[in-house]
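Here's a solo chain for you in structure tokens, the form predicted alone.
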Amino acid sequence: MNTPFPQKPRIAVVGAGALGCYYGARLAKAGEDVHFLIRSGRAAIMARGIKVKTPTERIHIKKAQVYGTSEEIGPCDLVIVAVKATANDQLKKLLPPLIGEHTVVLTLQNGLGVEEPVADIVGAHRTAGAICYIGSYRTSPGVIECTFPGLMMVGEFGRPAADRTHAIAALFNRAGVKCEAHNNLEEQRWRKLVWNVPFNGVAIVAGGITTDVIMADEGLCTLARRLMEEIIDAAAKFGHNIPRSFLELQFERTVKIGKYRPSSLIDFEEGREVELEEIWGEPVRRAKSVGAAVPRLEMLYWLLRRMITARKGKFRRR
């Protein structure tokens, strides 16, 4: 879509986890008109604002524009979906009041098939996605630790990048977020899985370990490599050619972030929903649909599914 994107957009951030607060705070610091839709921890954020700590700076948005309902915010030019994909059933209620004539909805969610639920609600022509290579976590409501600011890639759902895609990328770049517009959003999602599938998954099934432990263990490191190779081979079946050098780059980056707890491990250990289907289940189903052999990925999926089911029972008994 080539609808003009405003120079000074009205922005809604749906969700106040690590990504929502981090990117929202950066945009707000840059002087953008940012409205946060927050339902959990809203009182704390209203009282203390949003604080972000990175390796090089501290950001404190003392008076964040915080709301409890979408209706209080109203239509916006850009809606950033920063809730977990496991909460997508809530989007049917949250998104419609935020939609205007030319609204773009940008989902930051992980995995495959995350644009479709958004498109079903607001229309495919309004839907875009972002892949976020970032190491961040929330320590308390509105307080974010970012160990690796990384890179964001934005693209249109089922279409090449348009003028508005480049405008959104420029918006984030002005806010200090390294951001690129890409023509093939689905390929970028497969690329993100090259890291997410092994490191999030192995961290959980190997007993709650950090990425440095995986990298230091010959067997686990080999398993991560084989899982990456399966993802790359499956992506190729869909016409997405990811070079083997990209695999090596993921290992180089993982070494640099040191002792890191992947987001899925944090969710698992704290009893929150894990994006099981989006990160592991959907890639398995898509790979098998085109005859790609992914035995390790499929095994990891079933192990995770069993562990998550057992954990749910444990938390229910508490």
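Between two forms, the rigid core is the largest collection of C-alphas that superpose within 1.5 Å. Here the structure is a predicted model, which is why all the values come from computation and not from measurement. The first residue of the shown sequence is 1; numbering continues from there.
Omitted here: the form predicted together with a further copy of the same chain. The next part is about that form.
The contact residue chosen from 87, 206, 170, 124 relative to a further copy of the same chain in the predicted complex is 206, the criterion being a non-hydrogen atom within 4.5 angstroms. Of the residues 223, 132, 194, 114, just one reaches a further copy of the same chain in the predicted complex with a heavy atom at 4.5 Å or closer; this is 223. Comparing 176-184, 206-214, 235-243, 91-99 against a further copy of the same chain in the predicted complex, the single stretch with non-hydrogen atoms within 4.5 angstroms of it is 206-214. Contact check for residue 296: a non-hydrogen atom falls within 4.5 Å of a further copy of the same chain in the predicted complex.
Contact check for residue 18: every heavy atom lies farther than 4.5 Å from a further copy of the same chain in the predicted complex. Shown alone here, residue 14 lies farther than 4.5 Å from a further copy of the same chain in the predicted complex, counting heavy atoms only. Proximity of residue 25 to a further copy of the same chain in the predicted complex falls outside the 4.5 Å heavy atom cutoff.
Comparing the forms between the shown form and the other one, the C-alpha position of residue 259 differs by 2 angstroms or more, with the core used for superposition.
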